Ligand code: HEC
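Okay, so here's just one chain, in structure tokens, the form predicted alone.
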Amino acid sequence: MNIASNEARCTSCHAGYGWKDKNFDFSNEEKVDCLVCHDQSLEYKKFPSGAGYPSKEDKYFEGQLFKKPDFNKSAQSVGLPGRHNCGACHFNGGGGDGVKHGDLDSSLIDPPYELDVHMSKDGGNFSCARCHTTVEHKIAGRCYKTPAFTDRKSVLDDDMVKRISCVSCHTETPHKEVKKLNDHTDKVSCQACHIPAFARKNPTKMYWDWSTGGKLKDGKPYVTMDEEMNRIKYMSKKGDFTWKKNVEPEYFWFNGSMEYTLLTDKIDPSDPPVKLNRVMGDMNDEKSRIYPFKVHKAKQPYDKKNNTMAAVHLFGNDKTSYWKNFHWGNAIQAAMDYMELPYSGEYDFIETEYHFPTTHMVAPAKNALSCKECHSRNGRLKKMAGFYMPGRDSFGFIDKTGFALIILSLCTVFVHGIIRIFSSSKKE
């Protein structure tokens, strides 16, 4: 799924005005929406299908009222961005609360200490910008094509370093009471132990099956709710969803960079799932650490003959829009033509995976993972191969040899003790 041909809908999460098609001028500073980040009245909102513009009049969208902004009130309220500013997009990315990032949702507007020690009023009471530092409106992020930081140094040493990394504030020796834990920081990220689960309060979407979309009732699209999760589990426009709460992350070596599968890249349909992004790093990379991830799984369309992923024209009132006519072939053709990319005319659906680093919702220290949760045969790191982990791994011959040596040593000590006892008795 791709933003191309769907700009007017997707760019409601964009700090700009008027990005309605591929001709948007990113150099035009008059198109920057300052208020979406700086309004503190809590009343300024973009209209969901308005290409980044707020509504010109009071108007409903999918049952929610979007009021015409009071620009005077908004302008007089401007201040540094708060959680509500950042969360307006980042908590709702992908079409709803908690859809994309299992560690980012509306529960972080005012989280309890047990949910996030940094953002809770009873903890650090951080704004997002406390860690995502900004210079000339360039906001430090976690991972795109290059890491957000390369120097693992502390603000205690250099206050100009970007505070995106845990070690920037906590240093690489944060454990004072159990100092043995500091031996892990060269291979294990802080998040791996201190975020035992994500989506701990609100559910997050873990699976999205686009292939089941298009079903109608009485000739009309419909929605079915998951009552337990209080979330939509089926939508004619988007297919089936699976939501989960309190999810245990998956773990990978990660150096801060990702590689992405592009629409021009060849895929192998015989070997699903297609990894739409790939976590970069390995145990021999000095910048890599073991990180927790949400792995979002889906079923998406691809070009059967060209063996490439397919873009889809979803939004719009034209006859090729999928959400208007529920015809996959026409919607794919329209999107690929829009992007001037080849399309064979034949599509199918394939399983995909997308990896989201988990770095928010840091739990209190008392709730961090215990040693045995990783150092055990069926622990959290059981799928990570290529290195020896005490408590998890065993080697038959070496283990038996070791036990034999221990027993031999004990026998030797015992015999030595008996000899000493008898020899001392004779001297008496």
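Since the model is a prediction, treat every value here as computed from it, not as a measurement. One rule holds for the numbers: they count along the sequence shown, beginning at 1.
The form predicted together with this ligand is left out here; the points below concern that form.
- When contacts are defined as a non-hydrogen atom within 4.5 Å, all of S127, V178 and A368 contact this ligand in the predicted complex.
- With the partner removed from view, the residue among K237, R83, K201, R231 that has a non-hydrogen atom within 4.5 Å of this ligand in the predicted complex turns out to be R83.
- This chain is drawn without this ligand; in the predicted complex, the residue among G96, G214, G123, P272 with a heavy atom within 4.5 Å of it is G123.
- Using a 4.5 angstroms limit between non-hydrogen atoms, K382 is distant from this ligand in the predicted complex.
- Contact check for F403: no non-hydrogen atom falls within 4.5 Å of this ligand in the predicted complex.
- Although the partner is absent here, Y322 is not a contact residue: none of its heavy atoms lies within 4.5 angstroms of this ligand in the predicted complex.
- Although the partner is absent from this view, H170 contacts this ligand in the predicted complex, with a non-hydrogen atom inside 4.5 angstroms.
- In summary, the region of this chain contacting this ligand in the predicted complex, judged by heavy atoms within 4.5 Å and restricted to 204-212, 185-193, 242-250, 297-305, corresponds to 185-193.
- Interface residues of 359-379, taken as those with a heavy atom within 4.5 Å of this ligand in the predicted complex (partner not displayed): T359, H360, V362, A363, P364, A365, A368, L369, S370, C371, C374, H375, in sequence order.
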